[in-house]
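Read on for two forms of one protein chain; each stands alone as structure tokens, with the labels structure 1 and structure 2.
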Structure 1
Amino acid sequence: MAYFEIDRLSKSFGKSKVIDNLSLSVRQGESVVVFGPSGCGKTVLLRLISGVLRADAGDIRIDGESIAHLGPDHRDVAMAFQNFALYPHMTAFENIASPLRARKLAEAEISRRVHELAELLRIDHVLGHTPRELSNGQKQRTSLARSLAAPPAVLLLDDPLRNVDAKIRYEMRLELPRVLREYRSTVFYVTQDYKEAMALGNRVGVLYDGTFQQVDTPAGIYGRPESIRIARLFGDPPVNLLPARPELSGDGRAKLRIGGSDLVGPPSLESLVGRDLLVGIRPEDIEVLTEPAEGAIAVELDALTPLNVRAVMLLRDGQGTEILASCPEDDRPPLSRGRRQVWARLDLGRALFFDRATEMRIH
């Protein structure tokens, strides 16, 4: 059952509607990542939930009770900011303890909770330091610990890893789910980093044009994006989009003409014969070969770039269309970086089919 609900929420600034009739239901203990491009309204949504901003219309409920009329101090909602927002004159210990002191807890209980959180977040060795003595990673952990010290009904995290270095960001992607599970927090996490969204969310809500365009599991968003725009937001290298118009072959199977070659599509493609499509192929679903093979199209290798433990290859078909392929570095064919003829086998069984006019995925 829904524990936290956003019901037809709207917010405008002048003539600009930032949040438009937005709704979402969240289970208790669930982590939902709000993902979208810069300026799409993610932070405005968090401010509406926290009570810093008031909505023009709609309701926000926790455990069935409306909190829309309450001020920020009475909503049982905590927020951790991307700029840390620590008290500069207080030690890390006192920063974490501040919401507990506001609740007038006993000193022994305050000390127990602070040390428990600090150990969980691996900052117990810097509790006596002031913010200026902490690294950005330690500041971020301290800010998160303060938000969790008096566990709120809903925890809002506003792009909290944006200002930490790549190593700390990677570590926190691993640690955060563990910490949030430990505290059974219901979490709204905002980011514009798709890898973070995929790593941290039980579900991901893709926000743009004022509302959630798709809410699904990370695997669902990546594997079944509802539109070309969503498909492009997730993936690095990005999805290939190849124009095609399915036709029936002599044996009654549907075929696609890509790169000057006819490729047999999956049975589901037969219902799309005659429609103008954009075929979405993820780079990892393309196999690059050094010899001709059945079902492979002739392409020219334009560039090869190692990308961490994967290799990315820029290919060009006979019509000049660029195609990106990727594979584990150890599995890549024995290719030099120079331009040369190769063959690409596209896994059409894993392809996404979009209507060329509407750019929406065809189910």
Structure 2
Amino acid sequence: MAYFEIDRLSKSFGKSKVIDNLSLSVRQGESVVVFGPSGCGKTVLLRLISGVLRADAGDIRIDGESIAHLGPDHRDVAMAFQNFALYPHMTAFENIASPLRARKLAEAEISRRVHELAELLRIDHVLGHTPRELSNGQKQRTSLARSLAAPPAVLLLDDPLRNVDAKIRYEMRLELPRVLREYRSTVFYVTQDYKEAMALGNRVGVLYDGTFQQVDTPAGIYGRPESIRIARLFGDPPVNLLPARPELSGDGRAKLRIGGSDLVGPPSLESLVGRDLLVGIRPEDIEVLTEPAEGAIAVELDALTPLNVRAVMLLRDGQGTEILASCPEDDRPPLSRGRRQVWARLDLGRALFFDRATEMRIH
């Protein structure tokens, strides 16, 4: 049953349609990550949900009740801001207590709740400080605590880890799901970082051009992106896109000509014979070999760079097309850095097939 619904929402500024007929349903307690490049309308969407902006058309419902006509103070929606938006003239305690004060709770109850949250987020020792005296990590936790203080029906997190350093970001990425579970919140989490999107959401909504282009589980988005653009947004190094047109071979199987060699495709390819495709192959689905092997194409190794704990190899086929491959640093073939001849085996069983004209994935 849908708990939080966005129903055909639209918003324009002048001539530009920033949010265009956008819909989404979220179940109670679910975390949905909204992922999109900068300028995709995330901020406007959050402002529409939180009520600072009014939509031109469409509705927003919580538990079946429309909230579109309510002011931000009556929506039962909380938000943690990317820049924290702490009240500079109040202590951390008063910042966190603000939603409770608005609800006119007794002083003792306010104090109890603030301390409980502060302990959970490990900021109980800085409650007396003003935002200026807090580190970025503490600011971030204070802002999170404030958004959770009066458990909202829907919690909006606007790229909350953007402005904290790598260490805190990593900690929070682990800690956040625990805190959110504790508060059984329905969460709308906005980020520009695909790893964060993959780590935190039950589902991920990919937002650009004013609407959700695909909403799916993280694995679903990664494994079955609807379009080339989505495929490129997820994955680092990015997916390889190789132009090819499947043809039927003598034995009735579909084959692809890549890098001057004919490769046998999976059975699903047979229905695509004769169409102009872009074949998407993730770097980790390419195995680099030092010896020629069955089904491996001859390529030249241009460069080899470590990325985190993986090795990334830049390959070039006979036509000069660049292909990226990656594997765990420990498993990489014994290669020196110099340019040399190697062989690449493409796992076509995991390949994505896109129509070259529409750039949409063919199911």
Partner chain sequence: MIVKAVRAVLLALVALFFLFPIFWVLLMSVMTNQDILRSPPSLIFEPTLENYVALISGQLDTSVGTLEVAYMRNLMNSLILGVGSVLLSLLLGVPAAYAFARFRFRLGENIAFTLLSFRFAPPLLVLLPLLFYFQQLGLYDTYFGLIWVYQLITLPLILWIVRGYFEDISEDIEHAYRLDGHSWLATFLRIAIPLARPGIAAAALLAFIFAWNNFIFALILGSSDVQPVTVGALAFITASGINYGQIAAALVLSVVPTLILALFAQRYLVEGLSLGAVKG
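Since the model is a prediction, treat every value here as computed from it, not as a measurement. Residue 1 is the first residue of structure 1, and the numbers go on in sequence order from there. Between two forms, the rigid core is defined as the largest C-alpha subset superposing within 1.5 Å.
- Structure 1, rather than structure 2, originates from the form predicted alone.
- If you fit the rigid core between structure 1 and structure 2, you'll see the Cα of residue 125 move by 2 angstroms or more.
- Taking the rigid core as fixed, one finds a CA shift for residue 202 smaller than 2 Å between structure 1 and structure 2.
- Annotation: Cα of residue 288 displaced by less than 2 Å between structure 1 and structure 2, core superposition.
- When the core is overlaid, the C-alpha of residue 109 ends up 2.5 Å from its other position between structure 1 and structure 2.
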